[in-house]
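Okay, so here's just one chain, in structure tokens, the form predicted on its own.
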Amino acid sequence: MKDRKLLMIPGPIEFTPEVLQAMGLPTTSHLAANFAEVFGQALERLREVFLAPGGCPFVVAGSGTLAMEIAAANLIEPGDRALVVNTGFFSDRYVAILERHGAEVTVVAPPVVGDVPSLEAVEEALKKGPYKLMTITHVDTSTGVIADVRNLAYLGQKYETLVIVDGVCSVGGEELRMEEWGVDLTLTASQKALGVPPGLAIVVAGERAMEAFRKRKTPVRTYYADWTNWLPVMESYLARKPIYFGTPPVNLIWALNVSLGQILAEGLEARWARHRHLSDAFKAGLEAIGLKLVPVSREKAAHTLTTVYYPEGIDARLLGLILEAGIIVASGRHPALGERYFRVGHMGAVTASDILSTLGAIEWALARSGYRFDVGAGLAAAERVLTA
């Protein structure tokens, strides 16, 4: 009997067979010529996926939180002012990271959880600067809200503020044009829409960010995250000349190169459109059976995951029933919402059949829980979107 569950959480996600095969290759030396070629190609492909041909890519063993700290550690000096555009739990985390590195942080928050700060509110805050940098969580995994990076980045450029985008739950799934939109640094992690097992902190820094780093008056406060140590490594691998600072996770980088190749073969425009289409179908299915999304509107909802409130009379025990049906989804993550909602990831290699399987499991679990609705209405609504 098949005992495998379908993983539909906001990361780690389901990975393609080719990526998993790369993870299982015999591990070679991190100084071997064939690995130098793979690492160098992966760094070049990151520039293509981030749409930052002039960007400086960094790939370091660690999580998305390390990628957040890499940006803060290298760009913030004690006393610098930073503005955080807050859309959820991970925006709060950036406040803590920036303050740990000595920044004076101002937060622009939305009126309610599930909303985003208005452009007018962000501009009013920027007028009270100057700020060294502004952070934007493109998709906050705790709320499922998507920020308007394009227009926020325009404001950052207008007020001569470095624009830092936390793209942990967006890069590879949501439209993001780093150089065209004026984003100075974008960071992500491997286990989300890039489609690689956890373990890689990924940063692409633009020229303005690198210039700010080069003009620092004080040393970077952390040793492991210091670009002084990592920049020569990345430059050497780009030149196919491996050198040592810290041992890279060889198989993860091999898998990253495979996944980046798949992303580029699909095409970024097509990939973004696929994520939008599947997200629209999934959300239509949930709404058809009377469930309410956490984002205040569809326009402010991400396409890489969906956050949804439990219906009245239903609680987190629903997740156990969904698991019985063969699907793994995630509990809520935002402290202000507590146990009132759950989260479903649909990014990377996700397919229409995954969306329908997950909706079917949710319907089955709700029916088992005593929730009264038109059984099958969610699946029908999703199928209408998928076949449109």
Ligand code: PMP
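Remember, it's a predicted structure, so these values are computed and weren't measured experimentally. So that there is no doubt, residue numbering starts at 1 and follows the sequence shown.
Beyond what is shown, the protein has a form predicted in complex with the ligand; the following relates to that form.
Enquirer: Indicate whether the candidate residues H275, A301 and T304 are all in contact with the ligand in the predicted bound form, with contact defined as any heavy atom within 4.5 Å.
Expert: Looking in the predicted bound form, the three residues H275, A301 and T304 all stay beyond 4.5 Å of the ligand (heavy atoms).
Enquirer: Looking at I327, M68, I355, L43 here, can you tell me which has any non-hydrogen atom within 4.5 angstroms of the ligand in the predicted bound form?
Expert: Comparing distances to the ligand in the predicted bound form, the residue within 4.5 Å is M68.
Enquirer: Quick check on this chain: which one of A209, C169, V84, L152 has a heavy atom within 4.5 Å of the ligand in the predicted bound form?
Expert: Flagged contact: C169.
Enquirer: If we define contact as a non-hydrogen atom of the residue within 4.5 angstroms of the partner, is G345 a contact of the ligand in the predicted bound form?
Expert: Because no heavy atom of G345 falls inside 4.5 Å of the ligand in the predicted bound form, the answer is no.
Enquirer: Hey, in the predicted bound form, does K283 get a heavy atom within 4.5 angstroms of the ligand?
Expert: No, K283 sits far enough from the ligand in the predicted bound form that none of its heavy atoms falls within 4.5 Å.
Enquirer: Please check if T351 has a heavy atom lying within 4.5 Å of any heavy atom of the ligand in the predicted bound form.
Expert: Flag for T351 set to no.
Enquirer: Hey, in the predicted bound form, does G55 get a heavy atom within 4.5 angstroms of the ligand?
Expert: No.
Enquirer: Residues in which of 107-115, 132-140, 156-164, 70-78 have heavy atoms within 4.5 Å of the ligand in the predicted bound form?
Expert: Of the options, only 132-140 has residues within 4.5 Å of the partner.
Enquirer: Are there residues in 190-207 with a heavy atom within 4.5 Å of the ligand in the predicted bound form, and which are they, in order?
Expert: Sequence-ordered list: Q191, K192.
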